[in-house]
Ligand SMILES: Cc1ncc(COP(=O)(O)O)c(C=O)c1O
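Given next, in structure tokens, is a single chain: the form predicted alone.
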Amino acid sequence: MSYKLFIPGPIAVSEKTLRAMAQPMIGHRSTDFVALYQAIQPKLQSLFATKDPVYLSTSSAWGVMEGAVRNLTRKKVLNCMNGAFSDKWNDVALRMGRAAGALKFEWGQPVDPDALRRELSTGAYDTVTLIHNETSTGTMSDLPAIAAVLREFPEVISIVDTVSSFSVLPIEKDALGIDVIITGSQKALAMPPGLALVSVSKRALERAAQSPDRGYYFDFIEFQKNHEQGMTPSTPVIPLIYALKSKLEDIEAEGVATRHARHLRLNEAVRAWGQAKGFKLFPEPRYGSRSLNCFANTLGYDLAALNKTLKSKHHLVIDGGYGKLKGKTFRISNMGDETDDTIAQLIAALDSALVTTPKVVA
């Protein structure tokens, strides 16, 4: 059965993007690949709002997220934790044998800049990790306010996951002073999974060069050496790089500001629908994500039954809650290539499916 994804990722991929992946294979050490790699760099740097290079990693974003901690943490990493994925970063750091601190907030709460300042003021840390848009709860922290705090601590290298916010709203890497920004292919970029993109500052590279156990596959120094030759350290997923080139052309044609406005408009449309139905947004509305909406299941619907109806009768699916919030929340993505029409169709399908969806007896 063919159905469309309105989950927080992977998300629906356009026919144009899929066709771009079907181009003939080229050698990853060939001049053809160098031309492909170098052709997309200016557009990537513009989208990241940076003068730093943008490396391409054949992995999920988590590969580079783990690699960033391995490259950059010499003393202790502070993990800002407010949901399933940001919580996971602490587990990852500890599994690598790194000293790690946990700055914890309730799920659905944003990272508090003042709490971050207090913790960094201890002087115990030389790196900090943050997930800008915590998809498990649909919560978006105030990145400019957090970045302002980070700039007060020049000895601390910042590592920011923008996997589900990149290209959804403005994120000015250089202006904010962020050292490492990481994103992935399968969220707002609306590509298949398997490609991570990471931009690394010069001072982060200098720190990495002093780290004796940074490994190989995600070694930032290896990325930089190969970048200078228009290549990647290891064999890359060339079809996805063709897809990325196609997607960057799409973004340029639409206009970045127009893209940001579209994501906001569609997000607000879904949010208005949910609130009109009587659902409550799980996070405080002002911290709600722009790429998805996470609603508390305040009306007690059987979310598994709802998704079964959506899939069988309307050929689409939403998400029925993640981790400890499964069944208690549901998430609807509006990121990528969605339009006013596709979101309107989604809302109509939801309205229809809810009529026959039973409620769970507490």
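On a predicted model such as this, the values are computed, not experimentally measured, just so you know. Don't overthink the numbering: it's just position in the shown sequence, from 1.
Below: the form predicted in complex with this ligand, not depicted.
- The three residues N267, I318 and T329 each lack any heavy atom within 4.5 Å of this ligand in the model of the complex.
- In the model of the complex, at least one heavy atom of S60 sits within 4.5 Å of a heavy atom of this ligand.
- Using a 4.5 angstroms threshold between heavy atoms, T129 stays clear of this ligand in the model of the complex.
- Proximity of D161 to this ligand in the model of the complex: non-hydrogen atoms within 4.5 Å are present.
- Looking at Y125, you'd find every heavy atom of it more than 4.5 angstroms from this ligand in the model of the complex.
- Here is the short version: of N79, T73, T135, N82, the single residue with a heavy atom within 4.5 Å of this ligand in the model of the complex is T135.
- Just one of S199, Q186, S167, T232 comes within 4.5 Å of this ligand in the model of the complex, counting any heavy atom, and that one is Q186.
- From the list 304 to 312, 61 to 69, 48 to 56, 35 to 43, the contact stretch for this ligand in the model of the complex under a 4.5 Å heavy atom rule is 61 to 69.
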